[in-house]
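There is one chain below, alone, in structure tokens, taken in the form predicted alone.
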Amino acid sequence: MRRDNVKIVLGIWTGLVLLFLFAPLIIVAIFSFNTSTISRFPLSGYTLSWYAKLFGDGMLREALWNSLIIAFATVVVSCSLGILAAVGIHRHGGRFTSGLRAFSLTPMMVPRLVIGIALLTFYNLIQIDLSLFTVIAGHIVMTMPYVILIALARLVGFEKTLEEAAWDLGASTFTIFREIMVPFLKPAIIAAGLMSFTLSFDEVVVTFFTTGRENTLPMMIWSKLRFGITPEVNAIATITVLISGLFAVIAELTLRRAQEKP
């Protein structure tokens, strides 16, 4: 097969894969503008009334606010702890670096269902009432491995001679971390924060097992699905996808920048 034909076949295959991945999201967005409550083609008309109804819903605003609080709190804590853990593994891991790296990334390999059940069991064991704080703790467990992974990828290109020179000049460990390490890790910190926000904002499984009376936006979508798929549900899903997709794209671009810069 000629090289040009191979490129054409690969291009068609790539297009089909992308269509398979994004077609459901596009259809959901289209039906969110449908005037009819029945999701079917052809559309009976176009309207923004479902979005207007959503933004006038007090429960939706509360759920969105809770999701934002959880996501921002998760970003702050997971990035703070994850960056410190990555620096510690990189600097003091020694011959145990590979083992520590693998151990810190274990929550990425464990199914979310198992993490949710384990957290719920732990909370019941120590008799903690479920609330937004328990949700935040669960999201931190889920997102911190991604922070560590991104930070460790950035630290591969770090020159230890910079720290040694700073120590020779009398700088303290905290000064070295603040003036050298943090600026070097800045792109990775931004990328890790955006990734953590995206993962936390639309998480359902872990939130389901760790939430109390407070609702989140993904949980609100889940609860509304009991009454069927309506344009209102499609509108909520579209908003969630747009917010998550925006942060995911920004995180990917920032991560590429972090990997390209020395």
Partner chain sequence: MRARVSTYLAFFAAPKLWLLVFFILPMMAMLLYSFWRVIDYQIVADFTLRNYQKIGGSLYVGVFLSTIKLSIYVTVLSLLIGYPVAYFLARKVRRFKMTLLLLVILPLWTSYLVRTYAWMLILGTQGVVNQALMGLGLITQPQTWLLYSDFAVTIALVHIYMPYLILPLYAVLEKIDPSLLEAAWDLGGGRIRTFLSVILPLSLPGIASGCLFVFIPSMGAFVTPELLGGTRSIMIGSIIAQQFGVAFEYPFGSALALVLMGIIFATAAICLRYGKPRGAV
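It should be emphasised that the depicted structure is a prediction, and the values quoted were computed from it without experimental measurement. For the two forms, the rigid core is made up of the largest set of C-alpha atoms that agree within 1.5 Å on superposition. Positions refer to the first chain, counted from 1.
Form predicted together with its partner chain: not shown, discussed below.
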Proximity of residue 70 to its partner chain in the model of the complex, heavy atoms at 4.5 Å: no
is_contact(residue 184, its partner chain) in the model of the complex, heavy atom dist at most 4.5 Å: no
Its partner chain contact in the model of the complex: residue 51, any heavy atom under 4.5 Å: no
Contact of residue 209 with its partner chain in the model of the complex (heavy atom, 4.5 Å): yes
Whether 66, 153 and 158 all lie within 4.5 angstroms of its partner chain in the model of the complex by heavy atom: no
Contacting member of 132, 189, 89, 166, with respect to its partner chain in the model of the complex [4.5 Å, heavy atom]: 89
Partner contacts for 185-209, taking its partner chain in the model of the complex and a 4.5 Å heavy atom cut-off: 191, 194, 195, 198, 202, 203, 204, 205, 208, 209
Cα displacement of residue 177 between this form and the one not shown reaching 2 Å, rigid core superposed: no
C-alpha of residue 114 moved at least 2 Å between this form and the one not shown on rigid core: no
Per-residue C-alpha change between this form and the one not shown, residue 134, threshold 2 Å, rigid core fit: no
